[in-house]
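The chain that follows stands alone, in the form predicted on its own, written as C-alpha cells.
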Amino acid sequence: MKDHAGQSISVWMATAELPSFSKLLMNEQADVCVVGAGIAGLTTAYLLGRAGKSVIVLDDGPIVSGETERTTAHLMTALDDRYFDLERLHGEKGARLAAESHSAAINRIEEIVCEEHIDCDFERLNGYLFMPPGKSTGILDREMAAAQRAGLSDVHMVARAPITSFDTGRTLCFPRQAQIHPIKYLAALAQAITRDGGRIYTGTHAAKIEGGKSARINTQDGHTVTASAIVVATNTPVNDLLAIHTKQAAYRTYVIGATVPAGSISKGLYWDTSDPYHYVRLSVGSDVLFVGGEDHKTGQADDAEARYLRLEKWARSRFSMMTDIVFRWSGQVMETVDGLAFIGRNPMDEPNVYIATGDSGNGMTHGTIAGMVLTDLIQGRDNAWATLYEPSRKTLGALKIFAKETLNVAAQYAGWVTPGDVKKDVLVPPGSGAVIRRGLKKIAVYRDDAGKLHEMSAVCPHLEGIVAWNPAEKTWDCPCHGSRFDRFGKVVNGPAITDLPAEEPPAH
C-alpha cells in the first residue's frame, strides 16, 4: 500500500521505475548537502555536481516520493498567476525576469535531456489559455499585452484552441511550452548525480538542520552530515518555524486520467480561467487525457470524491470521446502570496543555509529555476533572478492576500474547542480515521483493515493546529500550514519535522 505522500497513484508512478538507494549508515561530509530529492533537490544536486562540487542528497523516503511524482508536468511560461498581476506585484522588470527564468528553465530541462540522452517523453507543444463559456475575453487581451511586455513576444490570440469537441472561443496561445514524464527524467538525473560522484541516501530523516561555519544535518538514526552549505528542498521548509510559512499556503489539487481514442484530441497544454480553474494535457501516446483542478486549502475539505466527480463532469461535457477513468490522484501545491517561488538564503538563518519552496502551481519550472539560482549563489556568482526569488522579500502589493491567509490560519485553531468528528473511537470504521475528543485532548484515531486501533495526538507538532483526516489519501492533514502525516502519524510533508506522538488507547 502506497504510504509516503498518500494512497493514490499517479500515472508517472504507474509507468516508470526509480533507482533505489540505501540509508545513511555513517557520518559523512560534502561541499553541499541537499535535503529533499524532488525536482528542486535533484536539479540542484545535478548542477552542483556538474560544477565540480561534492554533493550529498538526503530524503526520508525513496527519491521523488513527495509532491514531484504527483505533478501533471506542464512546463510552461504561462504561469498560474497572470502576467498583469505579476507586473502589479513585482513591476515590469520583475514580470520580465519571471518570464525569462521560466523560459530558461524549460530550455535547461531540454538541454539536460539531450546531453544525458534521457528517454523521458520530453516534447515541445503549444499552450492555450481560454475563458469559461459566456465570460468576457477581455482578461485575455490584458494578459497578452502583459506577456508581450514581459518579453514573450510570440504570445498571440487565436480564434479558438485546436479542440474539435468544444469551442473555447478566443484563446491566448503560448508557443513552445513543453511536457515531460517527470519520474523518467528525475530517475536519469539521480543516476547522473551518482555518476558525477554525488551520494544519495534515502530512508534518512533529517531531524535537525543547522547552518554556520560547520553546517550539519543530524539524522533521526543518529548520524551527521557536515557541509559548507545546506539546501532545504522539501516542498516547504522543515527548518523554519514561521518565517516562510506566513507567506505561502498549502493547497490540495486533484487530477483524473481518462482514456480517449488516439488522435482524437490535438496535443497541447490547455488551461482555463475558471474559479476553480482547470488544466489539461495528453499522455505521450495521446490515449490518456489528464484533467486537473478543484483545488482547496489542505486540511480544510474532506470531499475528494465530489471533486473528482466534478472534474469528470467538466471533462465529459467538453471531451465526449472520453471513456474509462483510469487514474485519480491528488497533490499538494504551495501558493505564495505574490505568485513566485522563494529561492535563496533562508531568512533569519546562517548565510550558508538555502531554501527552495513556493512552487505556485509551476513546480517543474520553479524547481529547475531553484537549481540554477542556488548553484550560482553557492558558487558566489551573480544571478539575474536571485533578487526576484529572494525568500526574505516583502511584496507590498500582496498585503491583502497576506492578511486574508493569516486570518484563515487563525480560524483553524478553533479546532481546539470543537467536538470530535465522532464521539468515540469505536465509531471509526475499518480503513478510516477520525479525530475524537478525550477530555481536553484531541486524538487522531485510525482503525486498520483488521480492526486494530492506532491512536496519536491530533496536534500538529509544527504550530499545534488540529489535523484532519484525508479519506482520499488516508493521511492526517494540518489545516494551518499544510503539514501531513501518514495514517500511523509518520510525517510525510513539512513544515512539521516530527511525527504525531502516539497515544495509548483507554481500556474498554
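Because the structure is a prediction, the values reported are computed rather than measured. Numbers follow the displayed sequence, beginning with 1.
The same protein also exists as the form predicted together with a small molecule; that form is not shown, yet it is the one meant from here on.
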| item | value |
| --- | --- |
| Three-residue site Thr77, Ala104 and Asn383 fully in contact with the small molecule in the predicted bound form at 4.5 Å by heavy atom | no |
| Touches the small molecule in the predicted bound form: Tyr279 (any heavy atom, 4.5 Å) | yes |
| 4.5 Å heavy atom contact, Gly433 to the small molecule in the predicted bound form | no |
| Proximity of Thr68 to the small molecule in the predicted bound form, heavy atoms at 4.5 Å | yes |
| Ala40: touches the small molecule in the predicted bound form, heavy atom cutoff 4.5 angstroms | yes |
| Option from 128-136, 329-337, 153-161, 86-94 whose residues, in the predicted bound form, bring a heavy atom within 4.5 Å of the small molecule | 329-337 |
| In the predicted bound form, the one of Gly415, Gly361, Gly211, Pro391 near the small molecule [non-hydrogen atom within 4.5 angstroms] | Gly361 |
| In the predicted bound form, the one of Cys120, Ala192, Leu140, Val255 near the small molecule [non-hydrogen atom within 4.5 angstroms] | Val255 |
